[in-house]
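Given as structure tokens, the chain that follows is alone and in the form predicted on its own.
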Amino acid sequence: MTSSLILSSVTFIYGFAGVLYIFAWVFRKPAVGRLGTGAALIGLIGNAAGFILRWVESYQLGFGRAPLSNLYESLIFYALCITLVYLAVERRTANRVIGAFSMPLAFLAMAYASLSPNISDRIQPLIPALKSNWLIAHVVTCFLGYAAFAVAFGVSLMYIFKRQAEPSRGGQMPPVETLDELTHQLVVFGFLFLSAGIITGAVWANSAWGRYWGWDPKETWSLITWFIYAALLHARLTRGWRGRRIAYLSVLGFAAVLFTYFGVNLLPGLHSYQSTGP
């Protein structure tokens, strides 16, 4: 499929962008950082083009559907969302060091999708339970939330690093107060979209299986993730938590996101992504 070739190329573009951002940070080369932004933009365009083309190809195969139904498709969409959120943050903060901590995450998502021998890129028809208009709303809201949490994780790592690093190495990063506030804003953004994803998922589950909630492993871990980020926001707003404790909670929350996304696929359940083709 042409879309798979484009998306495989995007993997290396994202990897190149990540290397440029890291190089610009380590060697203090702003011009290289600008090249990193250009590479990230090209990768984003290619990612979006491959995603849309895959959608078109499904219609050519006779069962048109949104490419959001299996592990391969969710990974390429996740990489797209991470890059989109990161570039919005870069534009807002005018700081490219954040790319050294965020773009590698988009690269890893694409690399896992494109290079893993256990993941099939075949376009297959939807199973009956997934044939619903709620599919797009549920997946898009969830992954926008996951993407915001991924970038918040990168910013939290920056906060921890800046607190512990020599001034010469951390000086290119935004002030710790800015990093702390940026983590908070990204978590709020992600929390709202995760909440919307859980709600749309519950409505979809009721129409597909006749119940809003069934304690499926994916549902359970989505709720655990929601509670972790809810605790972070609660601690900040009512307890006045700032800085390192919020950064560590953000890291813990992203670990829960990863388990919700990948770990539960090892468990039996209705939400386990099909990773290989027949």
Partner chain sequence: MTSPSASNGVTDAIWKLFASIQLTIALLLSLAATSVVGTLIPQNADPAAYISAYGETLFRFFWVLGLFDMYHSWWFQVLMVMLAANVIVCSADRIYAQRRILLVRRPRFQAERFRKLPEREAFEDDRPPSELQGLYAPVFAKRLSAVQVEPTDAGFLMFAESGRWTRFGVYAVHFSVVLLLVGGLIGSLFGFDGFVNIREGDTVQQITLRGSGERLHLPFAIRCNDFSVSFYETGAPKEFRSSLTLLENDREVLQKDIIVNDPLRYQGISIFQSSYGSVPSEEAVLSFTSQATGMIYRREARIGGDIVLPENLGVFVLRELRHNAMFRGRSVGDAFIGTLTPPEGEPEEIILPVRFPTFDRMRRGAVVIAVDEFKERFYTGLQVNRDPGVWVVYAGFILMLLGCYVTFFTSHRQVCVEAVRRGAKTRVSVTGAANKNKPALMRRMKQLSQALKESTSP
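Numbering follows the first chain given and starts at 1. If you're wondering where the values come from, they're calculated on a predicted model, not measured in any experiment.
Just so you know, the form predicted together with the partner chain exists too; it's not on screen, but the next bit is about it.
Trainee: Counting only heavy atoms and a 4.5 Å cutoff, which of 105 to 113, 68 to 76, 185 to 193, 143 to 151 contacts the partner chain in the predicted bound form?
Mentor: Partner-contacting stretch among the options: 185 to 193.
Trainee: Pick from 32, 224, 45, 251: which has a non-hydrogen atom within 4.5 Å of the partner chain in the predicted bound form?
Mentor: Of the listed residues, the single hit is 224.
Trainee: Counting any non-hydrogen atom inside 4.5 Å, which residue from 233, 41, 26, 53 sits next to the partner chain in the predicted bound form?
Mentor: Checking each option against the partner chain in the predicted bound form, the one that comes within 4.5 Å is 233.
Trainee: 131, 207 and 217 - do all three of these have some heavy atom no more than 4.5 Å from the partner chain in the predicted bound form?
Mentor: Affirmative, all three are within 4.5 Å.
Trainee: So, residue 127 and the partner chain: in the predicted bound form, are they within 4.5 Å at any heavy atom pair?
Mentor: Answer yes; at least one heavy atom of residue 127 falls within 4.5 Å of the partner chain in the predicted bound form.
Trainee: With the partner left out of view, is residue 122 within 4.5 angstroms of the partner chain in the predicted bound form by any non-hydrogen atom?
Mentor: So residue 122 counts as contacting the partner chain.
Trainee: Please check if residue 49 has a heavy atom lying within 4.5 Å of any heavy atom of the partner chain in the predicted bound form.
Mentor: Output for residue 49 is no: heavy atoms all beyond 4.5 Å of the partner chain.
Trainee: Is residue 202 near the partner chain? Define near as a heavy atom within 4.5 Å, in the predicted bound form.
Mentor: Judged by the heavy-atom cut-off of 4.5 Å, residue 202 is in contact with the partner chain in the predicted bound form.
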